[in-house]
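Only one chain comes next, encoded as structure tokens, the form predicted on its own.
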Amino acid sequence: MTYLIKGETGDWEVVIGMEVHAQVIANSKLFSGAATNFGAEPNSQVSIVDAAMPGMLPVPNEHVVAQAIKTGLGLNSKINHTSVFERKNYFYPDLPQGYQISQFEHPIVGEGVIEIDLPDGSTKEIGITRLHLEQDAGKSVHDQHPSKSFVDLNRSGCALMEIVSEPDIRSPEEAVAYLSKIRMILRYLETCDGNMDEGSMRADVNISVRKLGDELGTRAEIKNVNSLKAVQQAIDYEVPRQIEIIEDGGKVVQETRLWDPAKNETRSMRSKEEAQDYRYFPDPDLLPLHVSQEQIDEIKAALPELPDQKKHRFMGAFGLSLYDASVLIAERERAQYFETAANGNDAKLTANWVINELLGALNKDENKAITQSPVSAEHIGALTALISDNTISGKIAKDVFAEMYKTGKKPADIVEEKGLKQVTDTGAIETIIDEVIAENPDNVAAYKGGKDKLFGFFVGQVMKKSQGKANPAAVNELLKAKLS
């Protein structure tokens, strides 16, 4: 579906491309042996390479290279057998070398494609242009002193993967879905933790507008957006801003802008006339990086089942809807939890209990992760088994689940302790029905006179008398026979 914004001069199309910066999960940096732990004391994880001391020589981290290849394979992308590290020259106080070692003309990963899931249940393919490796800069700190700025080089030299998309994204919803899928894939692969609040994943969002069918418009780049919500809000603000400028006779300036969450607006950071001259050239201290097909095949053979593969398998093997499958595969641990719970049980029923009851309870309980669940996957499976074999009703199961969440006990033990077994004995249920009919002669007469809606009243009375233990299907069947 084409996403169009209505302006004063007609409909406008939004064109979006994204550059995702993902910090590689590795114990040391891209070109040095310094540690990469988050939250360490400032400047406590800095080698002579990271500090750009005279005579320092970078050495590529073999594990980081493997992580980049693994990510490229997970993005269905071409792995380049030869890639080149280049120097990207610019000045910033937290960039000790005066240049950043990156990749430009010859990245390690080339073109690929991923599938995104949209809120309306449809899917769309978004092209990947490239993935290249580069080192992160340090961090300037401006709020520790009234007249001075400080520099923390802990982050300097940390390995980043920059994942560049094609300009295939056409709405804020697609942008959020794309970033969510990239984050999901990286987490499944364990190549980046995706913690946007810690800065280990962030996005530059390139936005332009055009009349449908026109050439691409002038783009503005929203730099370092660090949450899914901020991506949506930044696009929602930036698109009308650009349309208004053009419709008022002006021109959109190619520039870098920042998202200000306090004011809910983008603001200009610096202009980019065409492209900043970074004077790229191959780093003379680093030879071209060569990767053999055998290395690529070895990494490919060890890949885990990826989100889309898992989603389609859940839909095919378990008969789940696209929505349920998408919710369950959103996190690798969640998908594993469901599979363990569904083993030998009714998969659709299990999915309902995991999505609606368990995730709902965890969300209310300080938004806990499924790995922190007080209810094990095996216990959820045992609960759905008790419902399937009519030991307990779905209604009683909710009370059992609440006790499971509170105590961590097995569902069968709770049912036994509290005497919650469902009454399936038709003789016992008939006795209760006879009592309810005897106690409500007026309602019986009204029901027989045509007030069919009273049937629900009788069901409710029977369930109340049985303390919710009577089998609902048996109650319905026996009541209809008695009342007719």
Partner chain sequence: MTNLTNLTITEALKGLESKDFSAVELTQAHIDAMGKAKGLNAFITETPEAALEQAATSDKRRANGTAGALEGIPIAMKDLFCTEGVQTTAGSHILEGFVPPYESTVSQKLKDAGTISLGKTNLDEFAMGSSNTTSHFGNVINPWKRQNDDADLVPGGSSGGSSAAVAARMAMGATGTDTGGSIRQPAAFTGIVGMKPTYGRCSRWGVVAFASSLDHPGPFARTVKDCALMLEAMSGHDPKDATSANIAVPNFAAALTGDIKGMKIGIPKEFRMDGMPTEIEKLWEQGISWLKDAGAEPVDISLPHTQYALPVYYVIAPAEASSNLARYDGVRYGLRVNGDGQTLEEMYFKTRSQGFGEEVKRRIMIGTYVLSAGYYDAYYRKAQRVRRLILEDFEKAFEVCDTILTPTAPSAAFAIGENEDDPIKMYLNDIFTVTANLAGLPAISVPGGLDSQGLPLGLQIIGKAWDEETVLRVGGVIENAVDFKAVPKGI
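Keep in mind that what you see is a predicted model, and the values were worked out from it rather than measured. Residue numbers count along the first chain shown, from 1.
Below, we turn to the form predicted together with its partner chain, even though it does not appear here.
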Q.
Can you tell me whether P284 touches its partner chain? I mean in the model of the complex, with a 4.5 angstroms heavy atom cut-off.
A. yes
Q. Is L153 close enough to touch its partner chain in the model of the complex, meaning at least one heavy atom pair within 4.5 Å?
A. yes
**Q.** Distance check, Y188 to its partner chain in the model of the complex, heavy atom within 4.5 Å
**A.** no
Q.
Can you work out whether V59 and its partner chain are in contact in the model of the complex, taking contact to mean some heavy atom pair no more than 4.5 Å apart?
A. yes
Q) Just one stretch in 59-67, 427-435, 33-41, 446-454 has heavy atoms within 4.5 Å of its partner chain in the model of the complex, so which one is it? A) 59-67
**Q.** in the model of the complex, the residue from Q233, S326, Q97, S208 that sits within 4.5 Å of its partner chain by heavy atoms
**A.** Q97
Q) Of these, R267, R279, K398, H81, which has a heavy atom no more than 4.5 Å from its partner chain in the model of the complex? A) R279
Q) Can you name the residues of 68-98 that have a heavy atom within 4.5 Å of its partner chain in the model of the complex? A) R87, N89, F91, Y92, P93, P96, Q97, G98
